[in-house]
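Shown next as structure tokens: one chain only, the form predicted alone.
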């Protein structure tokens, strides 16, 4: 099969694209003929860290993708062969990422893709949409609540806006530019706060006059004071990204008397039951028309290195790889 892979960590130039043997599904696994591979920031970060492989070993990057099951391992129902699916965690503790013509994953990580959905939408779900779902639901229902989504134009942020709206929440997002603000509004945000402006606190209080109950935060160090400015008592801030800072000063008394909870969450260490619940809800949201395709930047498999560079550079929208 044709695959992008690397045999040592480093810059994107370590990625090669050539023919290697296709994987064979083991017990409990399915093999997917990949149509589209989706890239996340963790994909290029995993590649760039120092690492070495034994002779003959390699890593195919990218966690997310969509395609068709064409083979199953022992103890998997053969009726799944031919099923269109979206997949996640393909490269987590596995060398078979989605930047290849075939991958193998445990059966439960291959989720049926509704017939009306494109492979591109399927490849854009995975890590971003499941992260958004976990942040929104880990502390109870949000129906009738107000949710603040940091960086609503990002992959996680946009998915969170759509999911929160579908779940019955009022959604306020933050953005830094007119383009990003429009993306958040188009996704369903009720209001957008330009967080870099001097009156951002006033903007947030106007957008959420009854206060904020849940915050999805991408940069706690930058945004904690803005977040706290409109929090209701017993509100929860869920932090799902790391901006590489080692220290952070928090206004402890202010948070103490507000009964504020700060939760840190990484999707790769989320319990399986929560991931399965996310997959179920994402399917329901797709069927309800609540999840739509973001803007895509698309690359051929031969340009996997350039595609990962685009994600590292902060390309707006979702970066996909079309697999021949």
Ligand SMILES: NC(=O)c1ccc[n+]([C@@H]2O[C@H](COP(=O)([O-])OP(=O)(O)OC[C@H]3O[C@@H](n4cnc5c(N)ncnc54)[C@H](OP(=O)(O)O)[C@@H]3O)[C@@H](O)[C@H]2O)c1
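Residue numbers count along the first chain shown, from 1. Bear in mind the structure is a predicted one, so any value in this text is a computation, not a measurement.
Below, we turn to the form predicted in complex with the ligand, even though it does not appear here.
- In plain terms, the part of the chain that comes close to the ligand in the predicted bound form, with a heavy atom within 4.5 Å, is 216-224 out of 110-118, 216-224, 136-144, 77-85.
- Proximity to the ligand in the predicted bound form, taken as a non-hydrogen atom within 4.5 angstroms, holds for one residue of 256, 273, 266, 288, which is 266.
- A single residue from the set 204, 167, 127, 237 has any heavy atom within 4.5 angstroms of the ligand in the predicted bound form; that residue is 127.
- If you check the ligand in the predicted bound form, you find a heavy atom from every one of 41, 155 and 175 within 4.5 Å.
- Contact between residue 241 and the ligand in the predicted bound form is found at the 4.5 Å heavy atom cutoff.
- Contact annotation for residue 102: none of its heavy atoms lies within 4.5 Å of the ligand in the predicted bound form.
- Although the partner is absent here, residue 195 sits close enough that one of its heavy atoms falls within 4.5 Å of the ligand in the predicted bound form.
- Residue contact with the ligand in the predicted bound form: residue 45 places a heavy atom within 4.5 Å of it.
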